[in-house]
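The chain below stands alone and is given in structure tokens; this is the form predicted alone.
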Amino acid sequence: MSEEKSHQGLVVDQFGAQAHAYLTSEVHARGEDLVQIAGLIARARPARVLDMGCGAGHASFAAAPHAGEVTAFDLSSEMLAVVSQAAAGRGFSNVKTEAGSALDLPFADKSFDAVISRYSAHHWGDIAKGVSEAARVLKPGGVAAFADVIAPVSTVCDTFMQAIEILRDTSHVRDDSRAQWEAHARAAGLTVTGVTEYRLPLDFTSWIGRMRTPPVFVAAIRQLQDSVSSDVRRYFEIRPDGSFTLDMMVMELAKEG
């Protein structure tokens, strides 16, 4: 029997060993969503920015030229070491790192002018709690942006997506829908100022490679892709090599002053 492990421990193990792969990943290093986050921070010109679940730091680096200071925050010390090295290499002396959980931020109330998060929330045990924590540390008049994959409206498509996500990465919790995200924001006292949806094409080989997905799980994903209805295959644009397309969004938020 394998050693018992907490969810946070599983996340650290899954991502720590792959930190450099996420730094160089095309999906994570580029994208219209990253440009949108940079634009939001450029307009706000915040003194202090928090990047929740920063991963390899791409959102932090997008924000850094437009902010006084960026705190890159993540569970994984290996990820944070990559961020520190990459920030120094890019000349971002205003990027600092801190370790911890997005569900229990070690920061005082109203301590940041902006909060950003990209491709992290689907690993949180409770997305609503994470959004609530973001609202807590955000100053009145501050702005926030969350970018993540979102669940389809179709129940069968949602079920398929959650299944392949957890087979690919056992630290996956859930991709919430846009409606669920909007409900989380309202419950946290944040105002949704804009939502932009994108289609995110994923190359199958690099998608499983980033997480070192075991062959038995890779085979299960391919079997699911081959077995689902034609409607599901069309929705996700599943290609012969297993590559496919997901929905993602950037939700911009504000905390009223």
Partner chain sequence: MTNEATDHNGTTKSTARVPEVDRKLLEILVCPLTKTTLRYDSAAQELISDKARLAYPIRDGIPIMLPDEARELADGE
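As the structure is a prediction and not an experimental result, all values here were calculated from the model. Positions refer to the first chain, counted from 1.
Keep in mind that the form predicted in complex with the partner chain is missing from the display, and what follows is about it.
Participant: So which stretch, 186-194, 63-71, 218-226, 36-44, is the one near the partner chain in the predicted complex (non-hydrogen atoms, 4.5 Å)?
Facilitator: Selected range: 63-71.
Participant: Evaluate Arg210 for contact with the partner chain in the predicted complex, applying a 4.5 angstroms cut-off between non-hydrogen atoms, and reply yes or no.
Facilitator: Arg210 lies outside the contact set for the partner chain.
Participant: Even though the partner isn't displayed, in the predicted complex is Ser77 close enough to the partner chain, meaning a heavy atom within 4.5 Å?
Facilitator: Contact check for Ser77: yes, within 4.5 Å of the partner chain in the predicted complex.
Participant: Quick one: is Ser101 in contact with the partner chain in the predicted complex, heavy atoms, 4.5 Å cut-off?
Facilitator: Answer yes; at least one heavy atom of Ser101 falls within 4.5 Å of the partner chain in the predicted complex.
Participant: Within 4.5 Å, heavy atoms only: does Glu133 come near the partner chain in the predicted complex?
Facilitator: Glu133 belongs to the contact set for the partner chain.
Participant: In the predicted complex, does each of Arg48, Lys96 and Phe112 have a heavy atom within 4.5 Å of the partner chain?
Facilitator: Judged in the predicted complex, Arg48, Lys96 and Phe112 all sit within 4.5 Å of the partner chain.
Participant: Among Gly125, Pro106, Gly141, Gly91, which has at least one heavy atom within 4.5 Å of the partner chain in the predicted complex?
Facilitator: Checking each option against the partner chain in the predicted complex, the one that comes within 4.5 Å is Pro106.
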